[in-house]
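One chain follows as structure tokens, the form predicted on its own.
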């Protein structure tokens, strides 16, 4: 751990779980920032493009912070411009693998993916892993704007009805399932909570996310949610048999190579600063 932090005595398994969580936050925020950025132009309103640009900048900034933590705490170097990892090793939410087909995809990512990442970050606030605990409050303050943006668009598209509402529901359904997989099977992160690195486990964070979505949406069932005595869950439960703990996903694929090429500036290698 960094100088000045509490020297935590972590076993190998707990340290690996912490490392993979930070990588997943970094990778997913990088791709989320990319998708926000690509919708700077072509959104339904100029103001929406400005908001998308702002959110992209913040997500890229968060990615840089997590990459610094990976370098300092785990000696892992991830530089998006020089990253040679193949798509199938990225630890990112599967909903972000492909280019967004429409504005509904962006709103779904804004509401579901963005909020899920914020919940994971919030679980590290005021806990013993200083590198995240120190940046959590500022990061979450920036994320409040992201949620307000998503909430406003969801309400507007629900009120519009028709094709916008149907497209939103389709996008939300996919985003919710892929993001639920990101939180993993119940109990997978018990060691992080026991070690005092997180104050809430991922299963509880998933339930919190689904509950917030159900409260916002007029018809939660239309996006694959089911209410019950234990709160809101997926109407069709996930099977965890193929869950990859290192990548925090069930899907064995990864981001489109074209997206990674753009993030890495592959077309402009000759112009990079030496």
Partner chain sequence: MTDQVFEVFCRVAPGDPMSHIGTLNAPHIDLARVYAWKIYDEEDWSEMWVIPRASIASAHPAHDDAARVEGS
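Keep in mind it's a predicted model, so treat the numbers as computed, not measured. Numbering follows the first chain given and starts at 1.
One more form of this protein exists, namely the form predicted together with the partner chain; it is left out here, but the text below deals with it.
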Discussion item. Using a 4.5 angstroms cut-off on non-hydrogen atoms, would residue 149 count as touching the partner chain in the model of the complex?
Written reply: yes
Worksheet item: Is the gap between residue 51 and the partner chain in the model of the complex 4.5 Å or less for some heavy atom pair?
Response: yes
Item to complete: Would you check, heavy atoms only and a 4.5 Å threshold, whether residue 74 touches the partner chain in the model of the complex?
Response: no
Item to complete: Using the partner position in the model of the complex, report whether residue 242 sits within 4.5 Å of the partner chain, counting heavy atoms only.
Response: no
Worksheet item: Within 4.5 Å of the partner chain in the model of the complex: all of 47, 153 and 159, by heavy atom?
Response: yes
Discussion item. So if I measure heavy atom distances to the partner chain in the model of the complex, which of the stretches 244 to 252, 228 to 236, 53 to 61, 210 to 218 falls within 4.5 Å?
Written reply: 53 to 61
